[in-house]
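Okay, so here's just one chain, in structure tokens, the form predicted on its own.
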């Protein structure tokens, strides 16, 4: 694991902790930093990080706080407070 991947993991942890503490702006900054590091180093973000961030507003999603999670026919629907929707398949 390279330095960039370690930093992305650390930023994901910091974003999770910031949202738990109620600091949404700080969490959004961590998400933006992690995405920028991944782009510059041509890395893919971890699946858990991709699934819990909003593509539209860069918010770190906490189900029940700033995201709604619903199960539909064969997929999970995650809707952010900004209105953006993401769908992920499941079996």
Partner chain sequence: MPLTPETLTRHELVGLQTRVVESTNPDSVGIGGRVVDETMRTLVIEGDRVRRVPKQGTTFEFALPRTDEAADAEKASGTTFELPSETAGRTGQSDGCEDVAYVTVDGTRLLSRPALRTEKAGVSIWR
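Since this is a predicted model, take the numbers as computed values, not measurements. Residue numbers count along the first chain shown, from 1.
Beyond what is shown, the protein has a form predicted together with its partner chain; the following relates to that form.
Within 4.5 Å of its partner chain in the predicted bound form, a heavy atom is found for none of 24, 47 and 50. For the chain shown alone, residue 39 is a contact residue for its partner chain in the predicted bound form, at least one non-hydrogen atom being within 4.5 angstroms.
Proximity of residue 4 to its partner chain in the predicted bound form falls within the 4.5 Å heavy atom cutoff.
In the predicted bound form, its partner chain lies within 4.5 Å of some heavy atom of residue 10. Among residues of the shown chain, residue 81 is not one whose heavy atoms approach its partner chain to within 4.5 Å in the predicted bound form.
Residues from 8 to 36 that approach its partner chain in the predicted bound form with a non-hydrogen atom closer than or equal to 4.5 Å are 10, 11, 14, 17, 26, 29, 30, 33, 36, in the order they occur in the chain.
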